[in-house]
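One chain comes next, on its own, written out as structure tokens in the form predicted alone.
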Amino acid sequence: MRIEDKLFLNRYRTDEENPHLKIINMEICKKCKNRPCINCCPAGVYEWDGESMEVKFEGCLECGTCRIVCPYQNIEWKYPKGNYGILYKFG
């Protein structure tokens, strides 16, 4: 089974008003050369469009890797509020 197929089995309940992930300062992302958050996120939450970083927090696996690999500590990450976030179907 491909990883994309396994990710499809997960269910998410997103809190659109209070996203648990956000970029603190977009200007810092513009200066970041490698943007490791894009390559390290297993869910592909981060996407650079050439001008800004798009954060698709709705698919976040809540692993916290992005905040660890960001060399500028420019990602605000917190667990979603109760009843929100990912629901793993098969571990």
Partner chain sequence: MIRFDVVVIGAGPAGLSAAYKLASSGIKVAVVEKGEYPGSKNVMGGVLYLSPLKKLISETIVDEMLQANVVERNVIEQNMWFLSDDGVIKAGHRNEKWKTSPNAFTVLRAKFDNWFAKKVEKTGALIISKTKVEDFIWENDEIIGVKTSRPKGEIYCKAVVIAEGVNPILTLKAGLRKRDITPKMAAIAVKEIIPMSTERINDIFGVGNENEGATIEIIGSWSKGMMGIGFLYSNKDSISLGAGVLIEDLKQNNKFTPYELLQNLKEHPAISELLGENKNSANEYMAHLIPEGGYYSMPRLYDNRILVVGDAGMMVNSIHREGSNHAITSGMLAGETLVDAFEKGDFSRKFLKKYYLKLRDSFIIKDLKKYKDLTSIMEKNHQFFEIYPSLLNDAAYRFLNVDGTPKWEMQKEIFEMFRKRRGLIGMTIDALKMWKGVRG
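If you're wondering where the values come from, they're calculated on a predicted model, not measured in any experiment. Numbering follows the first chain given and starts at 1.
Missing here is the form predicted in complex with its partner chain; even so, the following discussion is about that form.
*Asks:* Using heavy atoms and a 4.5 Å limit, would one call residue 53 a contact residue for its partner chain in the predicted bound form?
*Replies:* Residue 53 lies outside the contact set for its partner chain.
*Asks:* Can residue 28 be called a contact residue for its partner chain in the predicted bound form at 4.5 Å between heavy atoms?
*Replies:* Contact check for residue 28: no, nothing within 4.5 Å of its partner chain in the predicted bound form.
*Asks:* Looking at the partner-bound form in the predicted bound form, is residue 18 within 4.5 Å of its partner chain by any heavy atom?
*Replies:* It does not: once its partner chain is placed as it appears in the predicted bound form, residue 18 has no heavy atom within 4.5 Å of it.
*Asks:* With the cut-off set at 4.5 Å between non-hydrogen atoms, does residue 22 touch its partner chain in the predicted bound form?
*Replies:* Output for residue 22 is no: heavy atoms all beyond 4.5 Å of its partner chain.
*Asks:* Enumerate the residues of 1-35 that have a non-hydrogen atom within 4.5 Å of its partner chain in the predicted bound form, in sequence order, or give none.
*Replies:* Read in sequence order, the residues that approach its partner chain (within 4.5 Å, in the predicted bound form) are 1, 3, 6, 7, 9, 10, 11, 13, 34.
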